[in-house]
Every structure is written in structure tokens, then in C-alpha cells.
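Take a look at this one chain, the form predicted on its own, written out in C-alpha cells.
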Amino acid sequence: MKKKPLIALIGTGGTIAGSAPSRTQSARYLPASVGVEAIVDGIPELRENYAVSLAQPFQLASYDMAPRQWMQLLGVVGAALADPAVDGAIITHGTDTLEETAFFLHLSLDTIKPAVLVGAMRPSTAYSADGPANILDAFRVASDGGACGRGCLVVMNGRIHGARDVSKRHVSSVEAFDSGLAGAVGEVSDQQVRWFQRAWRPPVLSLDLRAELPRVDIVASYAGSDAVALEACVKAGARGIVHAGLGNGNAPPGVREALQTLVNKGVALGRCSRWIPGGLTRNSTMFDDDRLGIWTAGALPPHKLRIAMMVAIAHGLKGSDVQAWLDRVVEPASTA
């Protein structure tokens, strides 16, 4: 008899574990109200085809997820995948911050084994629940050899996304997640996996699980904005600031001067564009990033640049070493 793949299923809550008073309700429900064991029991095919180990480190709506839960989850997932018998791990998660948790693990989880985040846009009690199909797809991906060496993946609605590029782009549709210009890395159809892109991930930075991640805040520019928000974040103890700039990372007059003095005050500064696609120009006509010690990361959006800065600072990288690592986060190393 063929040995069943052993998959660690780690529940954290979210809509995929949500319930509503009526099966016709899909938008008004209580998230994080069904345990991971009940989710598995509701999908008989899982135990038929896989050996499953279960863990439930916490039960949250993902809008309640915070850096301390990321660190806790890093420990739980890392320990599960360190077991030689375990083939892969799946983390059930709410969709509001799913891409953030995925990217954090992508940068800090040191393993070639698959780690797959999966969520749902509709609660488990709804007639139209998408969770069971997404979980079945996630198990198939986590047990596929082609998933190895890709870092953290997200499986939703038949698509496999890389943690670097995936974003939630719709409030309620089951097609809420996509990877923008980069595209999905693969798909699952009738439990068959097809890969579109080669396996690649950036260098992982190890973290002390006993430590807290540093505070890094996001400050967005807009027409007529000034330095009030920047100054408030610094006063609150931010170790770093992500400036979500206009267009190609630009800043209006009221913000420019304050940004250019942040690094001298001991506050790390990362620069990116304000929620629009396209790779940022480093050393632009407005910002001499090399001279000012500003970090950039291509097309990373603000919330992901924030996570990368948190990980880099927590690991102990400094100055140009951070920029060299960020360059590897957004682009594979040259093989020429």
C-alpha cells in the first residue's frame, strides 16, 4: 500500500473557520468559530488520501493578527516541518491579512518543504462555501514535489500564488486573490497540479523566536500631505518608516525634507509606491537613495516592504546589507 503523505494542518481561524446562523448567509458571519479538527472532519477525502497532524495555536479573525502571532506561528510551522516524517504544512488563515502572514513566513521560515496558506471568502456554513475546495487544493499542493523550494505559497480558488506577489484585490469575491503583473505560479484543477513558473525564493533570515519584531510604520503621501504622521510615528518609537509615495515613490513638499532627515535620526526609511503596480526607480531625480541610506524593493507594496524591513532589522542586517538582501527578495540571483 502506498504511504500517505503526512501533512501538518495548522489552524489560525478566519472566514474558513467561520459560521453564520443561516446557510444562505455568506457576508455576515462570525469568523474563527470552527476548530481545525471540525474542518477536517467535514472533508472525508482528506483522511482518505493523507495522514494529517493537527495544531491550533490560536483562533483569530485575521484582522486581529499581529506580529507576535507571526512569531508564534513561525515557531509552530518551523517545528512541524522540522519533523522528517512531515511532507508539508498548511496554515488556515483569514483573508484580510493572509498575504502578510504568508510573506513574513516566506522571508523567515528556513525549509525547502512546502508551507501553504489557505483561506476562504465564505464561511464554512454557507451553501456557497469555498473553504473545502480550497483546502483540498492546498493539500494537493503541499504534497506535490514541485512545491518544494518555493517558499511560502497561497492557494485560493484553484490558483497557486507566491507569497511575494499575491494580494487580496476584492472585498467579497471568491476570486479575491491574484498576483498582479507577475501572475500565479501554478494552478490546481481536479486535484492535478500544474506549475507555470520555476521554483525560487529569496535568502531566508533567521529570527530569535523569543524576540519581538521591531515597530515599522507606513506613512502614505497624498496631495498636500505634511510631516505630521511621520513625526508621530517616530515619537511612538518606530524603528523604521515605509513611505508609500505618489507615483514613482515621490513625496510632496511638506514630506520631502522630513523623509531626507529620518535616517540621520536613527530611523530606517523604506520607499515604495502608493498601491500601484510597477517597479520603483531607485536613485530617482527626487531621492538619492544611496546617499541618503534609503531602502527600496522594486514593486513591493507598502505592507510587504514593511514586513521585509521588520525581518531585516530583527535579524540584525544594517545599511547596504539590507539593500543587497532586498534586491534578492524582489529578483532571483543571476545565474549568468
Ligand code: SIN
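No experiment lies behind these values; they were computed from the predicted model shown. For every residue, the number given is its place in the sequence shown, counted from 1.
Absent from the display: the form predicted in complex with the named molecule. The rest refers to it.
(request) Counting non-hydrogen atoms within 4.5 angstroms of the named molecule in the predicted bound form, say which of 240, 94, 202, 186 makes the cut. (result) Spelling it out, the residue with a heavy atom inside the cut-off is 94.
(request) Would you mind picking the one in 120, 77, 230, 117 that has a heavy atom within 4.5 Å of the named molecule in the predicted bound form? (result) Looking at 120, 77, 230, 117 one by one, just 120 meets the 4.5 Å heavy-atom criterion.
(request) Look at the candidate spot formed by 29, 61 and 168 and say whether the named molecule comes within 4.5 Å of a heavy atom in all three of them in the predicted bound form. (result) Yes: 29, 61 and 168 each sit within 4.5 Å of the named molecule in the predicted bound form.
(message) Taking the named molecule as it sits in the predicted bound form, is residue 11 near enough to touch it, meaning that at least one heavy atom pair lies within 4.5 angstroms?
(response) It does not: once the named molecule is placed as it appears in the predicted bound form, residue 11 has no heavy atom within 4.5 Å of it.
(request) Would you point out which of 131-139, 217-225, 95-103, 257-265 contains residues with a non-hydrogen atom within 4.5 Å of the named molecule in the predicted bound form? (result) Of the stretches listed, the one contacting the partner is 95-103.
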